[in-house]
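Quick setup: one chain, the form predicted on its own, written in C-alpha coordinates, and binding and motion questions come after.
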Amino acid sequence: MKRFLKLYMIEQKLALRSSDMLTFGVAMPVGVLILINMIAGSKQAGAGFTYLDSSFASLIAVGICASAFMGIPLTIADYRDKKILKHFFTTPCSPMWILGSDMLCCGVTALLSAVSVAFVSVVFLGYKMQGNVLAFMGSWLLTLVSMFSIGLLMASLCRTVKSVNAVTTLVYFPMLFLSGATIPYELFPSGLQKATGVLPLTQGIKLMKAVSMGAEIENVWKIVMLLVGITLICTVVSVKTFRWE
(Lines give C-alpha, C1' and ligand atoms only; values in the text may rest on other atoms or scores of the structure.)
Protein backbone atom coordinates (compact mmCIF):
# COMPACT_ATOMS: atom_id res chain seq x y z
CA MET A 1 0.00 0.00 0.00
CA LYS A 2 2.84 2.38 0.83
CA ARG A 3 4.43 1.71 -2.55
CA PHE A 4 1.17 2.38 -4.34
CA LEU A 5 0.66 5.65 -2.45
CA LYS A 6 4.19 6.72 -3.30
CA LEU A 7 3.59 5.95 -6.97
CA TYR A 8 0.30 7.87 -6.84
CA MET A 9 1.91 10.93 -5.23
CA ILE A 10 4.53 11.06 -7.97
CA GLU A 11 1.88 10.68 -10.67
CA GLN A 12 -0.25 13.38 -9.03
CA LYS A 13 2.60 15.87 -9.01
CA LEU A 14 3.18 15.23 -12.70
CA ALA A 15 -0.54 15.56 -13.45
CA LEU A 16 -0.80 18.92 -11.71
CA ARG A 17 2.01 20.22 -13.89
CA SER A 18 0.03 19.46 -17.03
CA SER A 19 -1.95 22.45 -18.27
CA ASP A 20 -4.04 20.45 -20.76
CA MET A 21 -6.17 18.64 -18.19
CA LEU A 22 -6.69 21.79 -16.13
CA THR A 23 -7.70 23.67 -19.28
CA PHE A 24 -10.10 21.13 -20.80
CA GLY A 25 -11.22 19.47 -17.58
CA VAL A 26 -11.60 22.44 -15.22
CA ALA A 27 -11.44 25.80 -16.99
CA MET A 28 -13.56 24.78 -20.00
CA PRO A 29 -16.72 23.66 -18.12
CA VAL A 30 -16.55 26.71 -15.84
CA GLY A 31 -16.20 28.99 -18.88
CA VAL A 32 -19.14 27.34 -20.66
CA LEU A 33 -21.19 27.61 -17.45
CA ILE A 34 -20.58 31.35 -17.23
CA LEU A 35 -21.37 31.76 -20.94
CA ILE A 36 -24.66 29.85 -20.63
CA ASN A 37 -25.65 31.94 -17.62
CA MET A 38 -24.89 35.17 -19.48
CA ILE A 39 -26.99 34.10 -22.47
CA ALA A 40 -29.92 32.21 -20.97
CA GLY A 41 -29.15 31.20 -17.39
CA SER A 42 -32.41 32.40 -15.82
CA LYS A 43 -34.67 31.61 -18.79
CA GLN A 44 -37.08 28.73 -18.51
CA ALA A 45 -35.85 25.63 -20.32
CA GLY A 46 -38.86 23.58 -19.26
CA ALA A 47 -41.53 23.23 -16.63
CA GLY A 48 -40.04 24.48 -13.39
CA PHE A 49 -36.37 24.59 -14.32
CA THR A 50 -34.00 27.03 -16.00
CA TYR A 51 -31.16 26.55 -18.44
CA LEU A 52 -28.77 26.78 -15.50
CA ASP A 53 -30.61 23.93 -13.78
CA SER A 54 -30.50 21.87 -16.96
CA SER A 55 -26.82 22.49 -17.74
CA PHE A 56 -25.39 22.00 -14.22
CA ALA A 57 -25.06 18.20 -14.32
CA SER A 58 -24.07 18.23 -17.99
CA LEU A 59 -21.13 20.57 -17.43
CA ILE A 60 -19.93 18.54 -14.47
CA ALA A 61 -19.74 15.62 -16.90
CA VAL A 62 -17.29 17.59 -19.07
CA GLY A 63 -14.58 17.08 -16.45
CA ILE A 64 -15.32 13.35 -16.40
CA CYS A 65 -15.17 13.21 -20.19
CA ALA A 66 -11.81 14.99 -20.42
CA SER A 67 -10.22 12.97 -17.62
CA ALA A 68 -11.48 9.59 -18.86
CA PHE A 69 -10.92 9.89 -22.59
CA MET A 70 -7.88 12.18 -22.70
CA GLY A 71 -6.05 11.89 -19.39
CA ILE A 72 -5.92 8.13 -18.81
CA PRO A 73 -5.22 6.78 -22.34
CA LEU A 74 -2.73 9.47 -23.34
CA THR A 75 -0.72 9.13 -20.12
CA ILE A 76 -0.39 5.34 -20.33
CA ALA A 77 0.40 5.41 -24.06
CA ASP A 78 3.06 8.07 -23.50
CA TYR A 79 4.65 5.97 -20.75
CA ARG A 80 4.63 2.92 -23.01
CA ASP A 81 6.14 4.87 -25.90
CA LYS A 82 8.93 6.29 -23.73
CA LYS A 83 9.73 2.82 -22.31
CA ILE A 84 8.75 3.95 -18.82
CA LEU A 85 6.39 0.99 -18.48
CA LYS A 86 9.21 -1.32 -19.57
CA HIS A 87 11.26 -0.10 -16.61
CA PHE A 88 8.27 -0.60 -14.33
CA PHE A 89 8.14 -4.23 -15.49
CA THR A 90 11.42 -4.93 -13.67
CA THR A 91 9.95 -3.69 -10.38
CA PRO A 92 7.27 -5.18 -8.10
CA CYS A 93 4.82 -2.69 -9.64
CA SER A 94 1.75 -4.44 -11.13
CA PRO A 95 -0.57 -3.29 -13.97
CA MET A 96 -3.23 -2.59 -11.34
CA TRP A 97 -0.87 -0.14 -9.63
CA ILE A 98 -0.13 1.70 -12.88
CA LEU A 99 -3.74 1.87 -14.02
CA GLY A 100 -5.03 2.57 -10.51
CA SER A 101 -2.66 5.46 -9.80
CA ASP A 102 -3.37 7.04 -13.17
CA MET A 103 -7.12 6.65 -12.67
CA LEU A 104 -6.87 8.18 -9.20
CA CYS A 105 -4.98 11.20 -10.57
CA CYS A 106 -7.60 11.75 -13.25
CA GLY A 107 -10.28 11.31 -10.60
CA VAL A 108 -8.78 14.23 -8.69
CA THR A 109 -9.01 16.35 -11.85
CA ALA A 110 -12.64 15.35 -12.39
CA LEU A 111 -13.44 16.12 -8.75
CA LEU A 112 -11.73 19.50 -9.01
CA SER A 113 -13.81 20.21 -12.12
CA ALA A 114 -17.05 19.24 -10.34
CA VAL A 115 -16.21 21.33 -7.28
CA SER A 116 -15.31 24.34 -9.46
CA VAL A 117 -18.58 24.15 -11.43
CA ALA A 118 -20.59 23.70 -8.22
CA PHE A 119 -18.79 26.55 -6.45
CA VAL A 120 -19.32 29.04 -9.28
CA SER A 121 -22.94 27.92 -9.74
CA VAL A 122 -23.91 28.17 -6.07
CA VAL A 123 -21.84 31.15 -4.92
CA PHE A 124 -21.97 33.43 -7.96
CA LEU A 125 -24.98 32.27 -9.98
CA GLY A 126 -27.42 31.43 -7.19
CA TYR A 127 -27.91 27.81 -8.20
CA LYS A 128 -29.82 25.53 -5.84
CA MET A 129 -30.12 21.82 -6.50
CA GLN A 130 -33.72 20.63 -6.47
CA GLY A 131 -32.81 16.97 -6.02
CA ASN A 132 -30.95 15.07 -3.30
CA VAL A 133 -27.28 16.07 -3.05
CA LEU A 134 -26.10 12.66 -1.80
CA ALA A 135 -27.98 10.87 -4.59
CA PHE A 136 -26.38 13.22 -7.09
CA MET A 137 -22.92 12.46 -5.69
CA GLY A 138 -23.67 8.76 -6.09
CA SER A 139 -24.77 9.20 -9.71
CA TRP A 140 -21.65 11.29 -10.39
CA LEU A 141 -19.39 8.61 -8.91
CA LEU A 142 -21.06 5.84 -10.92
CA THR A 143 -20.71 7.84 -14.13
CA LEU A 144 -17.08 8.65 -13.28
CA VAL A 145 -16.09 5.04 -12.62
CA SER A 146 -17.83 3.69 -15.73
CA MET A 147 -16.24 6.29 -18.03
CA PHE A 148 -12.84 5.75 -16.44
CA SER A 149 -13.10 2.03 -17.12
CA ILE A 150 -13.53 2.84 -20.83
CA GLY A 151 -10.46 5.05 -20.63
CA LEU A 152 -8.51 2.20 -19.03
CA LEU A 153 -9.61 -0.12 -21.83
CA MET A 154 -8.39 2.36 -24.43
CA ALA A 155 -5.06 2.67 -22.60
CA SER A 156 -4.58 -1.10 -22.56
CA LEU A 157 -5.64 -1.84 -26.13
CA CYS A 158 -3.81 1.03 -27.87
CA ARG A 159 -0.10 0.22 -28.04
CA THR A 160 1.27 3.43 -29.59
CA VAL A 161 0.77 7.15 -29.08
CA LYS A 162 -0.41 7.45 -32.70
CA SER A 163 -3.13 4.84 -32.27
CA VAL A 164 -4.30 6.21 -28.92
CA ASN A 165 -4.50 9.73 -30.36
CA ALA A 166 -6.73 8.45 -33.17
CA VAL A 167 -8.97 6.47 -30.81
CA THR A 168 -9.13 9.33 -28.30
CA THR A 169 -10.28 11.71 -31.02
CA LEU A 170 -12.96 9.29 -32.20
CA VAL A 171 -14.26 8.75 -28.67
CA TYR A 172 -13.73 12.10 -26.91
CA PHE A 173 -15.39 14.52 -29.33
CA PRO A 174 -18.60 12.51 -29.96
CA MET A 175 -18.92 11.98 -26.20
CA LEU A 176 -18.32 15.70 -25.56
CA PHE A 177 -20.69 17.14 -28.15
CA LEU A 178 -23.31 14.43 -28.72
CA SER A 179 -23.94 13.13 -25.19
CA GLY A 180 -25.48 16.36 -23.92
CA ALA A 181 -22.36 17.43 -22.03
CA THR A 182 -22.02 20.75 -23.87
CA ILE A 183 -25.03 20.94 -26.20
CA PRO A 184 -28.33 20.20 -24.39
CA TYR A 185 -29.55 16.73 -25.33
CA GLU A 186 -33.13 18.03 -25.50
CA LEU A 187 -32.24 20.27 -28.46
CA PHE A 188 -31.27 17.31 -30.66
CA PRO A 189 -33.76 16.03 -33.25
CA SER A 190 -35.52 12.83 -32.19
CA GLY A 191 -33.49 10.75 -34.64
CA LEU A 192 -30.20 12.08 -33.29
CA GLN A 193 -31.40 11.53 -29.73
CA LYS A 194 -31.99 7.85 -30.47
CA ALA A 195 -28.58 7.56 -32.14
CA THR A 196 -26.66 9.28 -29.36
CA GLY A 197 -28.59 7.37 -26.71
CA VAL A 198 -26.18 4.48 -27.22
CA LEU A 199 -23.29 6.57 -25.89
CA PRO A 200 -22.51 5.54 -22.28
CA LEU A 201 -21.91 9.13 -21.20
CA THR A 202 -25.38 10.07 -22.48
CA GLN A 203 -26.91 7.65 -19.98
CA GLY A 204 -24.69 8.94 -17.18
CA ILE A 205 -25.71 12.53 -17.90
CA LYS A 206 -29.39 11.56 -18.03
CA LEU A 207 -29.02 9.99 -14.59
CA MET A 208 -27.15 12.96 -13.07
CA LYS A 209 -29.46 15.53 -14.64
CA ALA A 210 -32.62 13.81 -13.45
CA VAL A 211 -31.25 13.43 -9.91
CA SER A 212 -30.06 17.05 -9.76
CA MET A 213 -33.48 18.36 -10.84
CA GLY A 214 -35.44 15.97 -8.63
CA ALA A 215 -37.19 14.48 -11.65
CA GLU A 216 -38.43 10.93 -12.12
CA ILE A 217 -35.96 8.71 -13.94
CA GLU A 218 -37.24 6.37 -16.59
CA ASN A 219 -35.61 2.92 -16.56
CA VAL A 220 -33.26 4.02 -13.77
CA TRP A 221 -32.19 0.48 -12.95
CA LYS A 222 -31.40 -0.21 -16.60
CA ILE A 223 -29.12 2.81 -16.65
CA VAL A 224 -27.45 1.80 -13.39
CA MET A 225 -26.95 -1.80 -14.52
CA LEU A 226 -25.61 -0.60 -17.86
CA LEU A 227 -23.00 1.62 -16.21
CA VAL A 228 -22.07 -1.09 -13.69
CA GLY A 229 -21.77 -3.65 -16.50
CA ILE A 230 -19.53 -1.34 -18.54
CA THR A 231 -17.33 -0.80 -15.49
CA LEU A 232 -16.88 -4.51 -14.76
CA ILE A 233 -16.31 -5.61 -18.35
CA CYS A 234 -13.94 -2.81 -19.34
CA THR A 235 -11.92 -3.10 -16.12
CA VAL A 236 -11.41 -6.86 -16.45
CA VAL A 237 -10.52 -6.63 -20.15
CA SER A 238 -8.14 -3.69 -19.58
CA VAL A 239 -6.20 -5.59 -16.90
CA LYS A 240 -6.08 -8.78 -19.00
CA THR A 241 -4.91 -7.01 -22.17
CA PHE A 242 -2.44 -4.64 -20.49
CA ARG A 243 1.03 -4.70 -22.09
CA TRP A 244 4.21 -3.16 -20.78
CA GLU A 245 5.57 -2.36 -24.24
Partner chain sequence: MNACIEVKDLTKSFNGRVVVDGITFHVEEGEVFGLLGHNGAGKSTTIDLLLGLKKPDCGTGTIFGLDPRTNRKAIFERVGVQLQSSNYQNNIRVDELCKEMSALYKKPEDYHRLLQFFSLEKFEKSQVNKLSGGERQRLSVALALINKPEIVFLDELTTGLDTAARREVWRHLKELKKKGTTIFLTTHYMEEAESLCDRIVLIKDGSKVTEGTVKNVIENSPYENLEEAYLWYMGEEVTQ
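Each form is matched to the other, and the largest set of C-alpha atoms that superpose within 1.5 Å is called the rigid core. From a predicted model like this one, the values you see are computed outputs, not experimental measurements. Numbering follows the first chain given and starts at 1.
There is also a form predicted together with its partner chain; it is not shown, and the following applies to it.
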Heavy atom within 4.5 Å of its partner chain in the predicted bound form: which of 114, 164, 150, 98 fits that? Just give me the one. 98
Which of these residues, 129, 104, 135, 93, gets a heavy atom within 4.5 Å of its partner chain in the predicted bound form? 93
Among 136-144, 114-122, 80-88, 164-172, which stretch sits within 4.5 Å of its partner chain in the predicted bound form, heavy atoms only? 80-88
Examine residue 10 and determine whether its closest non-hydrogen atom to its partner chain in the predicted bound form is within 4.5 angstroms. yes
Does at least one non-hydrogen atom of residue 14 fall within 4.5 angstroms of its partner chain in the predicted bound form? yes
Are any of the heavy atoms in residue 240 no more than 4.5 Å from a heavy atom of its partner chain in the predicted bound form? no
Residues in 227-245 with any heavy atom within 4.5 Å of its partner chain in the predicted bound form: 245
Once both forms sit on the same rigid core, is the C-alpha displacement of residue 9 at or above 2 Å between this form and the one not shown? yes
